[in-house]
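Form predicted on its own, single chain, as structure tokens, below.
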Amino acid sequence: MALAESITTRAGTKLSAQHVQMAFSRDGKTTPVLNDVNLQVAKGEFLCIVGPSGCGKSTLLSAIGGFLSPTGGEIRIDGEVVSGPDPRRIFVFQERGVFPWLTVEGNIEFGLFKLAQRERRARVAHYIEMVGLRGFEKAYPSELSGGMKQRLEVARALAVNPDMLLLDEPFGALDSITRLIMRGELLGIWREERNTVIFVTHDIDEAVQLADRVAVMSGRPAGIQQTIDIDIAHPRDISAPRYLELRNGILEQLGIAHHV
């Protein structure tokens, strides 16, 4: 499988990571985590990042979001060096982003304080409808299922109109059926909104089902081994020969025999 850079050429580069290094120091000991990470992401692209457990996927995502500063190299978004968090880039976590003391409406409305009340209400209603939470506007997170909480987190992220969504294994805590449903819903939202999405996952099937491209990270200190173009249309048939070829190729990149 060849490196896939054509999508960034076609759509224009949104994010560029060049020779990114990351190391953490503690008690006089330095631990390298990222080593010479080079990555380009196109505007409106859905990119999944996979790699061995603990290799630094979340560290890279945090650096892209501006929550960590690389110890070497640089990350640029829209040509500007990332120097800190920005409201144009929104994280979505595993059920960790909703405020338990606010209702569904209150959670989605939280970041919209600069808007006029009428516009706030209209935007909240729009995203409640989009993620299928109509009828639960007054419910609190404790009254929602895991999948509904994730819908709420996605709605809250989208409501502030971000350029980029950064998702760190957002469906990892959900059961398998709910994960499948949420993948389909996220794809539908992405097709409508066309945000740039960077999605970290340990689930290879999830990556192949969702992504335009998959970036495969090596073990620590991690770099990008390969970026693979997922050249199949949605919805994707998980039994199709090309799907299985791509999935097995990623497993081989990770050193995992595909028959295991």
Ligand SMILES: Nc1ncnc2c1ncn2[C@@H]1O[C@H](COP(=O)(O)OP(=O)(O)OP(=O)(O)O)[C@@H](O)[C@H]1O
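Predicted, not measured: the structure shown is a model, and the values here were computed from it. Heads up: residue numbers just count along the shown sequence, starting at 1.
The next section is about a form of this same protein that is not shown, the form predicted together with the named molecule.
Trainee: Note which of Gly65, Pro52, Gly223, Pro70 lies within 4.5 Å of the named molecule in the predicted bound form, where distance is taken over heavy atoms; exactly one does.
Mentor: Filtering the options by heavy-atom distance leaves Pro52.
Trainee: Given that the named molecule is left out here, which of Asn35, Thr59, Gln40, Thr196 has a heavy atom within 4.5 Å of it in the predicted bound form?
Mentor: Here the answer is residue option Thr59.
Trainee: Is there a heavy atom of His234 no more than 4.5 Å from a heavy atom of the named molecule in the predicted bound form?
Mentor: No, His234 is distant from the partner.
Trainee: Using the partner position in the predicted bound form, report whether Arg26 sits within 4.5 Å of the named molecule, counting heavy atoms only.
Mentor: Arg26 belongs to the contact set for the named molecule.
Trainee: Is Glu185 a contact residue for the named molecule in the predicted bound form, using a 4.5 Å heavy atom cut-off?
Mentor: No, Glu185 sits far enough from the named molecule in the predicted bound form that none of its heavy atoms falls within 4.5 Å.
Trainee: Looking at the partner-bound form in the predicted bound form, is Glu169 within 4.5 Å of the named molecule by any heavy atom?
Mentor: Yes, Glu169 sits close enough to the named molecule in the predicted bound form that at least one of its heavy atoms falls within 4.5 Å.
Trainee: Heavy atoms within 4.5 Å of the named molecule in the predicted bound form: which of the stretches 26-34, 225-233, 204-212, 188-196 has them?
Mentor: It is 26-34 that comes within 4.5 Å of the partner.
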